[in-house]
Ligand code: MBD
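First comes one chain, alone, set out as structure tokens in the form predicted alone.
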């Protein structure tokens, strides 16, 4: 269809009415955003000559996405979360904030409420015959290089089947298996005793993979471990590390890999003395550098819906 109607008065009036722009009622910011996004959609329909069948297929897809509870997963897979990181990186450069451990995406699988231990926490609560022991340790410092006392380091990752506790479709894991939190002491050190994770793939019948299939893309992530790190005197850090050697490190469907976040994996012995499942284990040293508050405020706090349970 060669006819274009987006610029017509009828369509522009429709957009204003749909967003209720000319009324004092409602939230001004919500109306501004709705008007812009709806306008962009209408223009795309015009420019790409989308058919009614395609539009209603899209509406049905949104319904399926909600039913599957995969909106946050799709946000990662389409690069929306990565885009937000790119914007925050640019804001830091503009504010002359440099250094610090790089941020990367949170993902959709955090669960609040893990018990906070002092310094060290063993988080492999459930047996997993297919995963060897892993120790992740390091020191939390500020940008001045001094250890940060009372920083809370939270950690979560998948098991050997690629499932996260609380979201595991098999129901096989305890609520906080492979999830934990530790508070640093005066030395700034933290340690998690856990199991080696693997990567995961999007649910094969889910809405996210359905769209990725249409785009000719896979929906897999490399093995990785997530972190939140907070303290009263620094900005919150949201980051994750990839497990060295994973073939998907540079082909992550969620675009979360950063070169500085692929620490070395070292073979160690002496795990029995640490209470690990085997004497031979692997260790990752991941030192974390936090950046100062901005005019006394943490501008890295992101309000989003997250699961929460009581440990």
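Nothing here was measured: the structure is a model prediction, and the numbers come from that model. Positions refer to the first chain, counted from 1.
Absent from the display: the form predicted together with the ligand. The rest refers to it.
So in the model of the complex, does residue 235 come within 4.5 Å of the ligand, heavy atom to heavy atom?
So residue 235 does not count as contacting the ligand.
Though only this chain appears here, would residue 206 touch the ligand in the model of the complex if you measure heavy atom gaps against 4.5 Å?
Residue 206: no, not in contact with the ligand in the model of the complex.
Considering only heavy atoms, tell me if residue 107 and the ligand come within 4.5 Å of each other in the model of the complex.
Judged by the heavy-atom cut-off of 4.5 Å, residue 107 is in contact with the ligand in the model of the complex.
Contact of residue 200 with the ligand in the model of the complex (heavy atom, 4.5 Å):
Residue 200: yes, in contact with the ligand in the model of the complex.
Which of these residues, 178, 76, 140, 241, gets a heavy atom within 4.5 Å of the ligand in the model of the complex?
Only one listed residue qualifies here, and that residue is 76.
Region of this chain that lies against the ligand in the model of the complex, out of 88-96, 221-229, 180-188, 122-130 [heavy atom, 4.5 Å]
Comparing against the ligand in the model of the complex, the contact stretch is 221-229.
Just to make sure I understand: among 245-275, which residues lie within 4.5 Å of the ligand in the model of the complex, judging by heavy atoms?
Contacts from 245-275: 253, 254.
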